[in-house]
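To begin, one chain is listed below as C-alpha coordinates, in the form predicted on its own.
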(Lines give C-alpha, C1' and ligand atoms only; values in the text may rest on other atoms or scores of the structure.)
Protein backbone atom coordinates (compact mmCIF):
# COMPACT_ATOMS: atom_id res chain seq x y z
CA UNK A 1 0.00 0.00 0.00
CA UNK A 2 2.78 2.41 0.89
CA UNK A 3 4.45 2.09 -2.48
CA UNK A 4 1.20 2.87 -4.31
CA UNK A 5 -0.57 5.39 -2.08
CA UNK A 6 2.22 7.15 -0.22
CA UNK A 7 2.06 10.85 -1.23
CA UNK A 8 5.24 12.85 -1.74
CA UNK A 9 4.74 14.70 1.58
CA UNK A 10 4.74 11.46 3.61
CA UNK A 11 8.32 10.47 4.58
CA UNK A 12 9.36 6.90 3.84
CA UNK A 13 10.00 6.07 7.50
CA UNK A 14 6.44 6.94 8.61
CA UNK A 15 4.06 4.02 9.10
CA UNK A 16 0.89 4.93 7.20
CA UNK A 17 -1.06 2.20 9.00
CA UNK A 18 -0.49 3.66 12.46
CA UNK A 19 -2.51 6.72 13.58
CA UNK A 20 -0.66 9.88 14.58
CA UNK A 21 -2.17 12.50 16.89
CA UNK A 22 -0.49 15.18 14.78
CA UNK A 23 -2.31 13.92 11.68
CA UNK A 24 -5.56 13.52 13.66
CA UNK A 25 -5.31 17.23 14.54
CA UNK A 26 -4.61 17.98 10.88
CA UNK A 27 -7.84 16.14 10.02
CA UNK A 28 -9.85 18.04 12.63
CA UNK A 29 -8.49 21.31 11.24
CA UNK A 30 -9.53 20.42 7.71
CA UNK A 31 -6.02 19.72 6.46
CA UNK A 32 -4.97 17.25 3.77
CA UNK A 33 -2.02 15.60 5.55
CA UNK A 34 -3.81 12.64 7.13
CA UNK A 35 -4.88 9.09 6.30
CA UNK A 36 -7.92 6.86 6.81
CA UNK A 37 -6.50 5.48 10.05
CA UNK A 38 -6.14 9.02 11.43
CA UNK A 39 -9.64 9.98 10.37
CA UNK A 40 -11.07 6.88 12.04
CA UNK A 41 -9.45 7.81 15.35
CA UNK A 42 -10.54 11.43 14.94
CA UNK A 43 -14.13 10.47 14.26
CA UNK A 44 -14.23 8.15 17.28
CA UNK A 45 -12.99 10.84 19.65
CA UNK A 46 -15.41 13.41 18.22
CA UNK A 47 -18.28 10.97 18.65
CA UNK A 48 -17.50 10.89 22.38
CA UNK A 49 -16.58 14.59 22.71
CA UNK A 50 -18.42 16.49 19.93
CA UNK A 51 -17.42 19.92 21.25
CA UNK A 52 -13.74 19.12 20.73
CA UNK A 53 -13.68 20.16 17.07
CA UNK A 54 -15.02 23.61 17.93
CA UNK A 55 -12.36 23.93 20.64
CA UNK A 56 -9.54 23.03 18.24
CA UNK A 57 -10.84 25.33 15.51
CA UNK A 58 -11.02 28.21 17.99
CA UNK A 59 -7.43 27.70 19.11
CA UNK A 60 -6.42 27.77 15.43
CA UNK A 61 -8.45 30.91 14.80
CA UNK A 62 -6.74 32.55 17.78
CA UNK A 63 -3.36 31.62 16.28
CA UNK A 64 -4.35 33.35 13.05
CA UNK A 65 -5.53 36.50 14.79
CA UNK A 66 -2.49 36.63 17.10
CA UNK A 67 -0.05 36.31 14.19
CA UNK A 68 -1.87 39.01 12.24
CA UNK A 69 -1.78 41.29 15.28
CA UNK A 70 1.95 40.73 15.69
CA UNK A 71 2.49 41.43 12.00
CA UNK A 72 0.62 44.71 12.45
CA UNK A 73 3.12 45.56 15.20
CA UNK A 74 6.07 44.98 12.89
CA UNK A 75 6.98 41.41 13.88
CA UNK A 76 8.54 39.52 10.98
CA UNK A 77 10.01 36.44 12.71
CA UNK A 78 8.17 33.80 14.69
CA UNK A 79 8.98 30.87 16.96
CA UNK A 80 6.04 28.43 17.00
CA UNK A 81 6.41 26.06 19.96
CA UNK A 82 4.48 22.80 19.94
CA UNK A 83 3.53 23.46 16.34
CA UNK A 84 2.35 20.02 15.19
CA UNK A 85 2.00 19.70 11.42
CA UNK A 86 1.85 23.17 9.79
CA UNK A 87 -1.56 22.61 8.30
CA UNK A 88 -4.44 24.89 7.30
CA UNK A 89 -3.89 28.46 8.52
CA UNK A 90 -0.28 27.88 9.52
CA UNK A 91 2.08 30.58 10.73
CA UNK A 92 4.38 30.88 7.72
CA UNK A 93 1.47 31.18 5.26
CA UNK A 94 -0.11 33.96 7.32
CA UNK A 95 3.19 35.76 7.88
CA UNK A 96 4.57 35.41 4.37
CA UNK A 97 1.30 36.59 2.82
CA UNK A 98 2.04 39.92 4.55
CA UNK A 99 5.81 39.86 4.06
CA UNK A 100 7.41 37.18 1.83
CA UNK A 101 10.62 37.60 3.84
CA UNK A 102 8.99 36.67 7.18
CA UNK A 103 10.79 33.86 8.98
CA UNK A 104 9.34 31.01 11.03
CA UNK A 105 10.79 28.19 13.10
CA UNK A 106 8.43 25.36 14.00
CA UNK A 107 9.30 23.25 17.07
CA UNK A 108 7.69 19.98 18.09
CA UNK A 109 8.80 16.86 19.94
CA UNK A 110 6.61 14.48 17.90
CA UNK A 111 8.80 12.78 15.24
CA UNK A 112 5.79 12.16 13.01
CA UNK A 113 4.79 15.85 13.07
CA UNK A 114 8.37 16.93 12.39
CA UNK A 115 8.93 14.45 9.56
CA UNK A 116 5.75 15.53 7.82
CA UNK A 117 6.57 19.19 8.41
CA UNK A 118 10.02 18.89 6.87
CA UNK A 119 8.59 17.16 3.81
CA UNK A 120 5.83 19.74 3.37
CA UNK A 121 8.18 22.71 3.81
CA UNK A 122 10.94 21.56 1.49
CA UNK A 123 12.07 24.49 -0.65
CA UNK A 124 10.99 27.26 1.73
CA UNK A 125 14.33 28.59 2.91
CA UNK A 126 12.72 31.01 5.39
CA UNK A 127 11.14 28.23 7.45
CA UNK A 128 12.95 25.73 9.68
CA UNK A 129 11.61 22.74 11.62
CA UNK A 130 13.19 21.57 14.87
CA UNK A 131 12.46 18.33 16.67
CA UNK A 132 13.00 18.75 20.38
CA UNK A 133 11.12 19.18 23.65
CA UNK A 134 9.95 22.78 23.95
CA UNK A 135 10.32 22.54 27.73
CA UNK A 136 14.09 22.74 27.20
CA UNK A 137 14.29 26.38 26.15
CA UNK A 138 18.09 26.40 26.11
CA UNK A 139 18.20 23.51 23.65
CA UNK A 140 15.58 25.15 21.46
CA UNK A 141 17.15 28.60 21.47
CA UNK A 142 20.71 27.39 20.88
CA UNK A 143 19.75 25.02 18.07
CA UNK A 144 21.10 25.53 14.56
CA UNK A 145 17.53 25.73 13.25
CA UNK A 146 16.76 28.74 15.45
CA UNK A 147 20.14 30.46 15.41
CA UNK A 148 20.50 30.29 11.64
CA UNK A 149 17.11 31.85 10.94
CA UNK A 150 16.03 34.14 13.80
CA UNK A 151 17.77 37.41 14.68
CA UNK A 152 17.71 37.94 18.45
CA UNK A 153 18.63 41.58 18.00
CA UNK A 154 15.14 42.13 16.57
CA UNK A 155 11.74 41.42 18.16
CA UNK A 156 10.38 37.89 17.84
CA UNK A 157 6.84 36.57 18.07
CA UNK A 158 6.71 33.50 20.33
CA UNK A 159 3.65 31.29 19.98
CA UNK A 160 2.47 28.81 22.61
CA UNK A 161 -0.91 27.94 21.17
CA UNK A 162 -2.71 24.97 22.75
CA UNK A 163 0.62 23.97 24.30
CA UNK A 164 0.88 24.72 28.01
CA UNK A 165 -2.25 22.83 29.03
CA UNK A 166 -0.24 19.72 28.12
CA UNK A 167 2.46 20.77 30.60
CA UNK A 168 1.63 19.68 34.18
CA UNK A 169 2.42 21.88 37.16
CA UNK A 170 5.27 19.52 38.06
CA UNK A 171 7.08 20.62 34.86
CA UNK A 172 6.83 24.31 35.86
CA UNK A 173 5.05 26.01 32.95
CA UNK A 174 5.82 29.42 34.49
CA UNK A 175 9.53 28.64 34.40
CA UNK A 176 9.32 27.47 30.80
CA UNK A 177 7.68 30.72 29.72
CA UNK A 178 10.22 32.73 31.73
CA UNK A 179 13.13 31.00 29.99
CA UNK A 180 11.85 32.13 26.60
CA UNK A 181 10.89 35.57 27.91
CA UNK A 182 14.39 36.19 29.20
CA UNK A 183 15.95 35.20 25.86
CA UNK A 184 13.92 37.39 23.51
CA UNK A 185 14.56 41.11 23.03
CA UNK A 186 12.44 44.04 24.11
CA UNK A 187 9.49 44.59 21.79
CA UNK A 188 8.90 40.86 21.31
CA UNK A 189 5.46 39.33 21.76
CA UNK A 190 4.12 36.16 23.36
CA UNK A 191 0.81 34.52 22.45
CA UNK A 192 -0.72 31.81 24.64
CA UNK A 193 -3.96 29.90 24.28
CA UNK A 194 -4.87 27.58 27.12
CA UNK A 195 -7.76 25.36 28.20
CA UNK A 196 -9.36 26.73 31.34
CA UNK A 197 -12.34 28.10 33.19
CA UNK A 198 -13.36 30.73 35.71
CA UNK A 199 -13.44 30.02 39.45
CA UNK A 200 -16.57 28.01 40.27
CA UNK A 201 -17.47 27.47 36.62
CA UNK A 202 -16.52 23.81 36.23
CA UNK A 203 -19.53 21.56 35.72
CA UNK A 204 -19.10 17.98 37.02
CA UNK A 205 -20.95 16.84 33.89
CA UNK A 206 -17.82 17.76 31.94
CA UNK A 207 -15.72 15.19 33.79
CA UNK A 208 -16.65 12.37 31.40
CA UNK A 209 -15.63 14.40 28.36
CA UNK A 210 -12.35 15.35 30.04
CA UNK A 211 -11.63 11.70 30.88
CA UNK A 212 -12.38 10.64 27.30
CA UNK A 213 -10.04 13.27 25.89
CA UNK A 214 -7.25 12.45 28.33
CA UNK A 215 -7.53 8.76 27.52
CA UNK A 216 -7.95 9.09 23.75
CA UNK A 217 -5.75 12.08 22.93
CA UNK A 218 -3.43 13.42 25.65
CA UNK A 219 -3.48 14.32 29.34
CA UNK A 220 -4.56 17.93 29.81
CA UNK A 221 -4.29 20.37 32.72
CA UNK A 222 -7.06 22.96 32.90
CA UNK A 223 -6.06 26.24 34.57
CA UNK A 224 -8.13 29.11 35.86
CA UNK A 225 -8.04 32.52 34.23
CA UNK A 226 -5.77 34.02 36.88
CA UNK A 227 -3.34 31.13 36.42
CA UNK A 228 -3.19 31.78 32.68
CA UNK A 229 -2.63 35.48 33.34
CA UNK A 230 0.26 34.63 35.67
CA UNK A 231 2.05 32.97 32.74
CA UNK A 232 2.51 36.49 31.31
CA UNK A 233 4.68 37.73 34.17
CA UNK A 234 7.16 40.20 32.67
CA UNK A 235 4.92 40.99 29.70
CA UNK A 236 2.46 43.83 29.14
CA UNK A 237 -0.86 42.35 28.08
CA UNK A 238 -2.43 43.92 25.01
CA UNK A 239 -6.17 44.56 24.96
CA UNK A 240 -8.41 42.80 25.81
CA UNK A 241 -6.03 40.96 28.14
CA UNK A 242 -6.78 37.33 28.98
CA UNK A 243 -10.09 36.58 27.29
CA UNK A 244 -12.20 33.64 26.20
CA UNK A 245 -10.67 32.53 22.91
CA UNK A 246 -13.51 33.68 20.63
CA UNK A 247 -13.57 37.05 22.40
CA UNK A 248 -9.89 37.84 21.82
CA UNK A 249 -10.04 40.42 19.00
CA UNK A 250 -12.68 38.65 16.86
CA UNK A 251 -12.42 39.63 13.22
CA UNK A 252 -15.99 38.85 12.15
CA UNK A 253 -19.32 37.59 13.52
CA UNK A 254 -18.24 34.12 12.35
CA UNK A 255 -15.69 34.08 15.19
CA UNK A 256 -18.51 34.22 17.76
CA UNK A 257 -21.48 32.11 18.78
CA UNK A 258 -23.82 31.70 21.74
CA UNK A 259 -21.14 29.83 23.70
CA UNK A 260 -18.34 32.38 23.27
CA UNK A 261 -18.76 33.96 26.71
CA UNK A 262 -18.35 30.57 28.41
CA UNK A 263 -15.80 28.99 26.10
CA UNK A 264 -13.50 26.66 28.05
CA UNK A 265 -10.24 28.17 26.83
CA UNK A 266 -8.48 31.51 27.19
CA UNK A 267 -6.13 33.43 24.97
CA UNK A 268 -3.89 36.47 25.35
CA UNK A 269 -0.94 38.27 23.80
CA UNK A 270 1.70 40.13 25.76
CA UNK A 271 4.55 42.44 24.78
CA UNK A 272 7.94 42.36 26.45
CA UNK A 273 8.78 45.95 27.45
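Positions refer to the first chain, counted from 1. The model shown is predicted, which means the values in this text are computed figures rather than measured ones. In this text, rigid core is short for the largest set of C-alphas that superpose within 1.5 Å between two forms.
What comes next is about the form predicted in complex with a small molecule, which does not appear here.
Novice: Is the small molecule in the predicted bound form near all of 25, 84 and 161, within 4.5 Å of a heavy atom of each?
Specialist: Every listed residue reaches the small molecule in the predicted bound form, so yes.
Novice: Is residue 152 a contact residue for the small molecule in the predicted bound form, using a 4.5 Å heavy atom cut-off?
Specialist: Residue 152: no contact with the small molecule in the predicted bound form.
Novice: In the predicted bound form, does residue 110 come within 4.5 Å of the small molecule, counting heavy atoms only?
Specialist: Residue 110 belongs to the contact set for the small molecule.
Novice: Residue 21 near the small molecule in the predicted bound form, any heavy atom under 4.5 Å?
Specialist: Residue 21: contacts the small molecule in the predicted bound form.
Novice: Counting only non-hydrogen atoms and a 4.5 angstroms cut-off, does residue 134 reach the small molecule in the predicted bound form?
Specialist: Yes, residue 134 sits close enough to the small molecule in the predicted bound form that at least one of its heavy atoms falls within 4.5 Å.
Novice: Look at the stretches 117 to 125, 144 to 152, 93 to 101, 74 to 82 and give the one with heavy atoms within 4.5 Å of the small molecule in the predicted bound form.
Specialist: Within 4.5 Å of the partner lies stretch 74 to 82.
Novice: For a quick test of reading the superposition: does residue 264 move by 2 Å or more at the CA between the shown form and the other one, rigid core aligned?
Specialist: No; that C-alpha moves by less than 2 Å between the shown form and the other one.
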